[in-house]
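Let's start with one chain on its own, the form predicted alone, as structure tokens.
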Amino acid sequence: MRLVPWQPDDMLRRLDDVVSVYGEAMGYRAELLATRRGYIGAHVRRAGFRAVATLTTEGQLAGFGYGYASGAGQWWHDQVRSALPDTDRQRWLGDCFEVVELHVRPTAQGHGIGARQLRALLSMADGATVLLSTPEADEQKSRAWRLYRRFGFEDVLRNFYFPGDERAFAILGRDLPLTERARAEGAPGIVGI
């Protein structure tokens, strides 16, 4: 497998594959996946957009991740901003890179792909902080939670509910940039970054 940086057009060319990986990883219904196509198409044009993809030797998409500069007027940013105490808004959202999606096909999980994708994405990110949201889960059993904790993500908001979703989410954050040690650990396989 190889990890490659993606430009917006790369993601749009592989949008069917991206949505497929997203659906498999999240366990979402087909009707929800149709709406994600439009969101992703809009996201690739946002300021500070960065993306990575993990491709098999046959060129199949095993995983992907992307994010961009978080800012006022963006739905996720505004939802999180409204829930943060005034004292935390500037710290976390003043110069923030938002990890929007980070997914690995279930059949490819457990091989360090998510960690390599996250490390590469954070190494390319602009900003003083990075935020992401993840469904609340048993931190000891969830691969995603263990990954985020290993990368030094801390609780910013817990048990947060986005409008239209009955699940509770955690908003996690950390400072940027990654330390040299974090950049170096487990980074083999990154091509062109």
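The model shown is predicted, which means the values in this text are computed figures rather than measured ones. We number the residues from 1 along the sequence you see.
What follows is about the form predicted together with a small molecule, which we do not show.
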Any idea which of 44-52, 31-39, 131-139, 154-162 reaches within 4.5 Å of the small molecule in the model of the complex, heavy atoms considered?
131-139
The small molecule isn't shown here, but in the model of the complex which of 11, 171, 25, 178 has a heavy atom within 4.5 Å of it?
25
With a 4.5 Å heavy atom cut-off, would you call residue 81 a contact of the small molecule in the model of the complex?
no
Applying a 4.5 Å heavy atom distance criterion, does residue 68 contact the small molecule in the model of the complex?
no
In the model of the complex, is there a heavy atom of the small molecule that lies within 4.5 Å of any heavy atom of residue 147, even though the partner is absent here?
yes
Heavy atoms within 4.5 Å of the small molecule in the model of the complex: does residue 122 have any?
no
